[in-house]
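Shown next as structure tokens: one chain only, the form predicted alone.
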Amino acid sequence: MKKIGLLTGGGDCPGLNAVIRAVVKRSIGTYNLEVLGIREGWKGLVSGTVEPLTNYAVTGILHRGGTILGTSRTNPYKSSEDLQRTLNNIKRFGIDAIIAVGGEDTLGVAWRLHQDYQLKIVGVPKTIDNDLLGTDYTFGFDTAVHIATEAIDRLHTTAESHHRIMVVEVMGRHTGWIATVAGMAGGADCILIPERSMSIEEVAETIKKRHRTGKTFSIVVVAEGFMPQGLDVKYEKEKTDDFDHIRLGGIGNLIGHKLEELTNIDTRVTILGHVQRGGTPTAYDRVLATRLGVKAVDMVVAGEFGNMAALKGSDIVPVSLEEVIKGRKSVNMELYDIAQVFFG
């Protein structure tokens, strides 16, 4: 083992640079391995865009958001030509093993390449949505929750001043982890997530009941993937990525309009969007990302390919990528039920 290729794929995420730094430092300092940075996720292997990563290259990046390598939602399995270019470039650059940092799509490609072509690949879990199986937490989640909670705190004051309903839309395509945890931390009066079906009428009744007790404002937090009962929510089908994901965003506007109609209370909507992905990672995410990066290199050296470095309790351990890509980690309903105690 002489040369490791490192890529970051999918949506950007606070803590990615901490992983890059950890992989480079561990590889060079402990094992005397060379690290090649693959630009823009799997796209870099399709196009043959790589660069050497040295200790100097990763100096001063621990606290920075985003990824110095760039990222994309490229799927090399989208065409046979792209797949062949990927395999050719791995040989061309003499890459002995790959560390792929990403979510379900990036790691799904990693597993397929490992299975189909016996490529030596190790995964690192990354998503602000915290919905990857096999790991207790993903880095980026804590930062996203912190940002969403701060936004909810700020909206409380203006909601109370104007006696309004404030609808806050947060990220969460398939799961409502950010909405649930940030909603709890921010004292939301209703939290809407993909895992728990609810009608707009039910939400409106919760708010009206709250206002009948003398409360003059309400905060509603909704995950972008929430689908209300009885409403046909349509998105532009042509706006999909390489993994056929529809571009979400805007459910908050629909809910805000309907709530104002049903409650006759002035309603405003704030869509946090990509603000949740940006900026400085929290201390927790920096440390978790660093631990995962170091473990990934150790796994490469130990020959533990086809696995992902994962957080289990307080330990970082290998978990099979096959298990990781079998589904998604939904919100713990016990946690949601606790949040529901404070609705209304």
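Numbering starts at 1 and follows the sequence shown. Everything numeric in this text was worked out from a predicted model, so none of it was measured.
Although it is not shown, the form predicted together with 6-O-phosphono-beta-D-fructofuranose is what the next lines describe.
inquiry  = Based on heavy atom distances of 4.5 Å or less, which listed stretch (93-101, 108-116, 263-271, 127-135) is in contact with 6-O-phosphono-beta-D-fructofuranose in the model of the complex?
reply    = That would be 127-135.
request  = Could you spot which one of R210, H146, R73, R196 gets a heavy atom to within 4.5 Å of 6-O-phosphono-beta-D-fructofuranose in the model of the complex?
outcome  = Contact check passes for R73.
key: Of I152, V203, M171, A159, the one that lies within 4.5 Å of 6-O-phosphono-beta-D-fructofuranose in the model of the complex (heavy atoms)   = Only one option qualifies, and that one is M171.
message = Can you tell me whether R291 touches 6-O-phosphono-beta-D-fructofuranose? I mean in the model of the complex, with a 4.5 angstroms heavy atom cut-off.
response = Judged by the heavy-atom cut-off of 4.5 Å, R291 is well away from 6-O-phosphono-beta-D-fructofuranose in the model of the complex.
inquiry  = Contact with 6-O-phosphono-beta-D-fructofuranose in the model of the complex for R277, defined as at least one heavy atom pair within 4.5 Å: yes or no?
reply    = Yes, R277 sits close enough to 6-O-phosphono-beta-D-fructofuranose in the model of the complex that at least one of its heavy atoms falls within 4.5 Å.
ask   = Does 6-O-phosphono-beta-D-fructofuranose get within 4.5 angstroms of any non-hydrogen atom of E224 in the model of the complex?
value = Residue-level check for E224: yes, a contact with 6-O-phosphono-beta-D-fructofuranose.
inquiry  = Where, within 7-34, is there a heavy atom within 4.5 Å of 6-O-phosphono-beta-D-fructofuranose in the model of the complex? Residue list please.
reply    = The one in contact is G11.
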